[in-house]
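Here's a solo chain for you in structure tokens, the form predicted on its own.
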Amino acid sequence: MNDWRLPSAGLGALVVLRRNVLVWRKLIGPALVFNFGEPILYLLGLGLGLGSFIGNMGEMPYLTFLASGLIASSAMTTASFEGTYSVFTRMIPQRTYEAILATPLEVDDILAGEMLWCGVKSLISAVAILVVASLLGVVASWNALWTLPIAFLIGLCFAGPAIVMSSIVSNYDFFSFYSVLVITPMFILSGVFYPIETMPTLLQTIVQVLPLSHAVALVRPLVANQVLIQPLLHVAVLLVYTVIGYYLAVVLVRRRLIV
């Protein structure tokens, strides 16, 4: 029978978060190389190379336009990877969740901790891009630091749907569908590389429903030191995706792990 009770996570979520941090510390070297290496390639290859032909975009240098979009999209992809491959590994092959459930912790605590960890990983990714962008002279003011809590929220937003995917698949191969059909279209269409306003009206309307569009709309003005437009709306959309994603993830993981 499906358990549709509302989640009631407690401080146990912090225990799960701490557990993931301790495991990650063993791999911190390669992880940081990846976090810094990827934005350097994007910003140098596209930002400086392609940017020299484009010039300004959206009333800012293209390098700034791209860097701000990459902060948001990197938070998305980092949380999505952690919520799919890593969560599935702990849930099924390693059976880590079964061991945790033998303690007083419940599924609600485990998934709240996992979502917090996805938010932290997204924050680390955003810090790496922001540092590289600052060294390239992209960041216009200290207001850019406000992108860090937003990156954490973006991580929470995309963690839920990714964990939902992990709760229903039978093996890793199915994550390719999620990446190709969900993550990649958002990455391409949500304003990371070019303004949404350049697309056809119907496509603009569809894209405005996607969470990454709202994430980019929050991050870009802060990096470029521009005025935020409708920040409460964008934050509200990310929060709605976070809450719904967490609830569905808890319900589906309960169904998979608890008979």
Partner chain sequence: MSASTSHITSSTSPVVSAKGLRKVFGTLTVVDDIDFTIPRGKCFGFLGPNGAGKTTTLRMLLGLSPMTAGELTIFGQPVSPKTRERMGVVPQLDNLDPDFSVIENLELYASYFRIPRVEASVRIERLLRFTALSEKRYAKTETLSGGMKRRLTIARALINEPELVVLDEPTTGLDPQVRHAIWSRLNDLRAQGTTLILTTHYMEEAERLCDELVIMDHGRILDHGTPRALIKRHVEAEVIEIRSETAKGLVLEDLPECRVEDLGTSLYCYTHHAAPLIQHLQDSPGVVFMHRPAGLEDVFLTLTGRELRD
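Positions refer to the first chain, counted from 1. This is a predicted model, so every value here is computed, not measured.
Just so you know, the form predicted in complex with its partner chain exists too; it's not on screen, but the next bit is about it.
Original post:
So which of 94, 170, 176, 141 reaches within 4.5 angstroms of its partner chain in the model of the complex, heavy atom to heavy atom?
Top reply: Only one listed residue qualifies here, and that residue is 94.
Subject >> Partner-facing stretch of 126 to 134, 184 to 192, 96 to 104, 69 to 77, counted where any non-hydrogen atom is within 4.5 angstroms of its partner chain in the model of the complex >> reply: Within 4.5 Å of the partner lies stretch 96 to 104.
**OP:** Would you please decide whether residue 12 lies within 4.5 angstroms of its partner chain in the model of the complex, comparing each non-hydrogen atom pair?
**Re:** Output for residue 12 is yes: heavy atoms within 4.5 Å of its partner chain.
Subject >> residue 248, heavy atom within 4.5 angstroms of its partner chain in the model of the complex >> reply: No - in the model of the complex, heavy atoms of residue 248 and its partner chain never come within 4.5 Å of each other.
Original post:
Are any of the heavy atoms in residue 240 no more than 4.5 Å from a heavy atom of its partner chain in the model of the complex?
Top reply: Judged by the heavy-atom cut-off of 4.5 Å, residue 240 is well away from its partner chain in the model of the complex.
Original post:
Is residue 244 close enough to touch its partner chain in the model of the complex, meaning at least one heavy atom pair within 4.5 Å?
Top reply: No, residue 244 stays farther than 4.5 Å from its partner chain in the model of the complex.
Original post:
Using a 4.5 Å cut-off on heavy atoms, which residues of 17 to 35 contact its partner chain in the model of the complex?
Top reply: Heavy-atom contacts within 4.5 Å come from 18, 19, 22, 23, 26.
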